[in-house]
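One chain is shown next in structure tokens, namely the form predicted on its own.
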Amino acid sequence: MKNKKLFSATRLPRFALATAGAASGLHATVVDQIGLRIVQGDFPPGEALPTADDSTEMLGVSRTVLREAIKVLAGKGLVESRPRTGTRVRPRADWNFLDPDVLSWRYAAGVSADDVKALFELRRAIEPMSAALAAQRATPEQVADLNAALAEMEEVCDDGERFAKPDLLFHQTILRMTGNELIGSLAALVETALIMSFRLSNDNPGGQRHSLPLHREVARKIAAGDGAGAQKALLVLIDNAEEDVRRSVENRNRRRAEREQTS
């Protein structure tokens, strides 16, 4: 039976992320439309997408554009195409949730307490131990890079949007300071997750000035070669950041509910 669910050629809103994986133009519109519908649950795992004929007609694109979009989605683990059975949504366990687009689609309709928990569980699994290794192995040049990122954070700490960039650099630098190429590669892998957690805290009316002492403590412990101290300091930093994000998400969800009630 053909799937009668519809696509639209209108590009849907996405969570505000500046990611390297963001595409542009007609191709991106198709990837966004289908990917978002899948991740948001409109097309559950195991379900077939509309046929190529139906999809191209609904989206107003050529088969070539649709085919390339499906290839992109397959690369993200969302779909698979087989002869005679068409294109179907793969199990959620196969999805690449660290892909920038998949993360963006996941949070496009709002963020829950479970989403926040998942983000910070990822950070706790990686960053504190990385800080301990960084304290043991960092070169003077790397310590200087870390302090440079910290100095930039201090300059823009009252502007949440501008603060996110040096904050990301600070945390990525720590991962690379471990001297472990596998951990260093995580700097790019978790970039979007880090950006997501930073941007979710932008509602804080006081900016991020309150987080600077904790960042300074992390940098100081690393520079002093205190692995245990660096690990503990970064864990406290993450704990406080999660509380910031939790409050921010609660405020956003409350405002959204109030708008829906008055509309």
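Numbering starts at 1 and runs along the sequence shown. Quantities reported herein were computed from a predicted structural model and do not represent experimental measurements.
There is also a form predicted in complex with the DNA; it is not shown, and the following applies to it.
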inquiry  = Taking 4.5 angstroms as the heavy atom distance cut-off, pick the stretch from 79-87, 183-191, 110-118, 163-171 that is near the DNA in the predicted bound form.
reply    = 79-87
ask   = Could you tell me if residue 52 has a non-hydrogen atom within 4.5 Å of the DNA in the predicted bound form?
value = yes
inquiry  = Residue-level question: is residue 124 within 4.5 Å of the DNA in the predicted bound form, judged on heavy atoms?
reply    = no
task = Look up in the predicted bound form whether residue 37 has a non-hydrogen atom within 4.5 angstroms of the DNA, and give yes or no.
result = no
inquiry  = Whether residue 67 contacts the DNA in the predicted bound form should be assessed with a 4.5 Å heavy atom distance threshold; does it?
reply    = yes
query = Among the candidate residues 214, 61, 223, 235, which is the single one with a non-hydrogen atom no more than 4.5 Å from the DNA in the predicted bound form?
reply = 61
